[in-house]
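One chain follows as structure tokens, the form predicted alone.
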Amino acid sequence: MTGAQPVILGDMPSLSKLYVNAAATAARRRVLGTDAGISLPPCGHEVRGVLAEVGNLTAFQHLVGETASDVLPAGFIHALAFPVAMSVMNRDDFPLPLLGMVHLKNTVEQHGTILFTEALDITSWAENLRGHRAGTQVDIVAQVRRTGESEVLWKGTSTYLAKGVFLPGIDKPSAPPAPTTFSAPDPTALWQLGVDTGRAYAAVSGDFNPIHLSVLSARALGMRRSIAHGMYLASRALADVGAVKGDSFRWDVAFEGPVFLPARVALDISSVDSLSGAWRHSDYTAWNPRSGRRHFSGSVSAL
């Protein structure tokens, strides 16, 4: 975590207000330029005593295929922490434009169950500003603890790319990595995603980014159609891995190609057991069954 103590926010930030502010900031920077500098904010943000809303939890579980229970799925915790992470990226001293950020990958470490009745402290900060062949990337970290306790129960690191933004003094890789070949296996599942998938996930996560909501709003931001939320797709894959993952696990996902809605998505999950027969980890890959283009891949491993 950054060296400075986090700024304590009185309430959970409103994502809709953050998006409006991000749009206003982008317009102001286009006209006046930016004075945000090339360093990350010296401190993060924290919200204390956060409680999950049971209606949202139930709707989330139903939407991604999780079993209904009092336990918060790891993807739901990401959504719960997302407004705090967004508020860090919305600071005036954050050097990258929030709107248009591309979600490259995500890593979550979960250390035990979290119930919807438990009050939580959520802290988020930015780190590891670095170059990318297509722009500048940054990690946004979120940690979740039970209120008043020091043990971190959930930690998520989201890597974002500001495409086309090259900050002075930050080197970019000289050459792109070698492309990997992908041969689609026989799928273990086929998802049918309707055109309203983005709106449905926005309703339970609060993430009303316009690129996910409709053809018109997506086209206004340069997309040909609306696209599915990356964390909706990853959360659905995690649900398909199932309860075998236990209460403590590491969950990785890398996003490669957008899922334009409506869509059919093929998924393959392969699991590896230890010599004793206990589950050790699962790998998953999702792709377009018509074109064979991979959308995302990742793994879930026991901790």
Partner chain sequence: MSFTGQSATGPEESSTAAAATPGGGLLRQAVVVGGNRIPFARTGGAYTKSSNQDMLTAALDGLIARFGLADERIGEVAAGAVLKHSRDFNLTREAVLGSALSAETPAYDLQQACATGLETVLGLANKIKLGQIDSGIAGGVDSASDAPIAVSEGLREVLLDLNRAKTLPQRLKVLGRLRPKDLAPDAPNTGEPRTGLSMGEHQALTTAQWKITREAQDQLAYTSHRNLAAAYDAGFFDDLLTPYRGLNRDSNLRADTTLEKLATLKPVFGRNLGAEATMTAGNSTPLTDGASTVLLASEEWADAHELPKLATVVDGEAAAVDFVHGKDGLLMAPAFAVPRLLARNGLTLDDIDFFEIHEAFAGTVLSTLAAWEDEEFGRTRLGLDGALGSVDRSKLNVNGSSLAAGHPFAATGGRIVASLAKMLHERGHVDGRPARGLISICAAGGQGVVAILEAF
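Residue numbers count along the first chain shown, from 1. Predicted model only: the values in this text are computed from it and were never measured.
From this point on, the text means the form predicted together with the partner chain, which you will not see here.
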{"property": "Interface membership of Val47, the partner chain in the predicted bound form, 4.5 Å heavy atom rule", "result": "no"}
{"property": "Close approach of Leu40 to the partner chain in the predicted bound form, 4.5 Å, heavy atom", "result": "no"}
{"property": "Contact flag, Asp186 vs the partner chain in the predicted bound form, heavy atom cut 4.5 Å", "result": "yes"}
{"property": "4.5 Å heavy atom contact, Leu115 and the partner chain in the predicted bound form", "result": "no"}
{"property": "Selected contact from Val241, Leu63, Ala52, Leu261, since only one has a non-hydrogen atom within 4.5 angstroms of the partner chain in the predicted bound form", "result": "Val241"}
{"property": "The unique member of Phe82, Phe94, Trp191, Trp125 whose heavy atoms fall within 4.5 Å of the partner chain in the predicted bound form", "result": "Trp191"}
{"property": "Whether Asp196, Ser270 and Pro289 all lie within 4.5 angstroms of the partner chain in the predicted bound form by heavy atom", "result": "yes"}
